[in-house]
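In the form predicted alone, a lone chain appears below as structure tokens.
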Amino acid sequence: MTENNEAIEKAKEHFGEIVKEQLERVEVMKSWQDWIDYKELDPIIIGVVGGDGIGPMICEHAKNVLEFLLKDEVEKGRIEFRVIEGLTIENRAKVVKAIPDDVLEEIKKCHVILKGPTTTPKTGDPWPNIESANVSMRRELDLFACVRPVKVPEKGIDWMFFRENTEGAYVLGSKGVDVTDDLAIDFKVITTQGSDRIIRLAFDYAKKNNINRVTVVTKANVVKTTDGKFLQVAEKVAKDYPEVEWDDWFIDIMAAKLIDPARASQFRVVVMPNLYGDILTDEAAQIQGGVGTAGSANIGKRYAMFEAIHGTAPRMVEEGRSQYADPSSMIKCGAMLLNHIGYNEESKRLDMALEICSQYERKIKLTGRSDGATGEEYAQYIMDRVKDPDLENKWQKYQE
């Protein structure tokens, strides 16, 4: 009994530190700054962070596409690309940090980041149990919104997902407590401020793009306090957008309805806490053609990071097939990056080229093996389509 009492006191002390830390974070969020204005930057600095596994290779392909599209801007000094080394699992394990200090310092000198996938160690791996680099970067740069588009024209699907990035079940993922050998507890945190800014961003997007539906996803019927707060904030925010209809779904049935042909095309803008967003957007990407086809934007008021949603594909690396990895996800990230920093026409052309190459023409196919194209060949295929003067007309015909 004495041992249990000691364990309880230790757990209470640990929880107290977490509460203190999160209350301090709330105060920081209350002092929000204005959004960065990319028009005022000269140059806009784009950091390129390769990561692990296939990351450096597909990142390089995406960088080449961006440099092709922004050639004039680079020559005029308006855009600068910086390759940032060191965000590898080997280097992170060496210093036992999710992001080495020198790497984080270089990242913070950039305005936007194009990032390849990184390894997050799990039990049984030969690496120390360091935090996810993604989770750490989102927190360090306050990238509170993960924005992921999914489009499947033949199914009438045109989804935009807004996943809260800095709270929920992931932000304290490395701060759980083993109370005793028999009892382990993890924590989930939802704040009014964190919920408001992601939900408001989703409603803003819907309003600006004339989309008359926002869907809020929680498990508020069971997870009553945290998910309940997220849903309560949604009800409050929705009142500021009377022109946008909204509804709410529970995560389990929402996952089912995404693959329901009668229902799927009715969803448009979807917003949800961190864990649910991670699961749902992977499912959505699979419907689109696989996680290798999807990109994501991680948006904050000062920084933005654009990354593939898939992993490092260690099996491909081990089998010597990295050159056949699909760069579509990273190139899609590039299109989102272009749009974010104000190069809307270039972003639009890249999106059209990607769609034509992957869903309509398919003149070059990726298989992940030597019987298909290499990532470099596929990136060149996309660039060839981007510079086609008749690109928009061809895209319009495919839409018909």
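These numbers come from a predicted model, not from an experiment. The first residue of the shown sequence is 1; numbering continues from there.
Below: the form predicted in complex with a small molecule, not depicted.
ask   = Okay, which stretch from 214 to 222, 176 to 184, 129 to 137, 76 to 84 lines the small molecule in the predicted bound form, with non-hydrogen atoms inside 4.5 Å?
value = Flagged stretch: 129 to 137.
ask   = Can you check whether residue 92 is within 4.5 Å of the small molecule in the predicted bound form, heavy atom basis?
value = No, residue 92 is distant from the partner.
key: Non-hydrogen atom contact residue 286 with the small molecule in the predicted bound form at 4.5 angstroms   = Residue 286: no contact with the small molecule in the predicted bound form.
request  = Decide whether residue 162 counts as a contact residue for the small molecule in the predicted bound form under a heavy atom distance cut-off of 4.5 Å.
outcome  = Judged by the heavy-atom cut-off of 4.5 Å, residue 162 is well away from the small molecule in the predicted bound form.
inquiry  = My question is simply whether residue 106 lines the interface with the small molecule in the predicted bound form - judged by any non-hydrogen atom within 4.5 Å.
reply    = Heavy-atom contact with the small molecule at 4.5 Å: absent for residue 106.
query = in the predicted bound form, do 120, 170 and 307 all put a heavy atom within 4.5 Å of the small molecule?
reply = Checking in the predicted bound form: 120, 170 and 307 are all within 4.5 Å of the small molecule.
One residue of 204, 142, 196, 278 in contact with the small molecule, assessed in the predicted bound form (non-hydrogen atom, 4.5 angstroms) = Looking at the other structure, the residue within range turns out to be 278.
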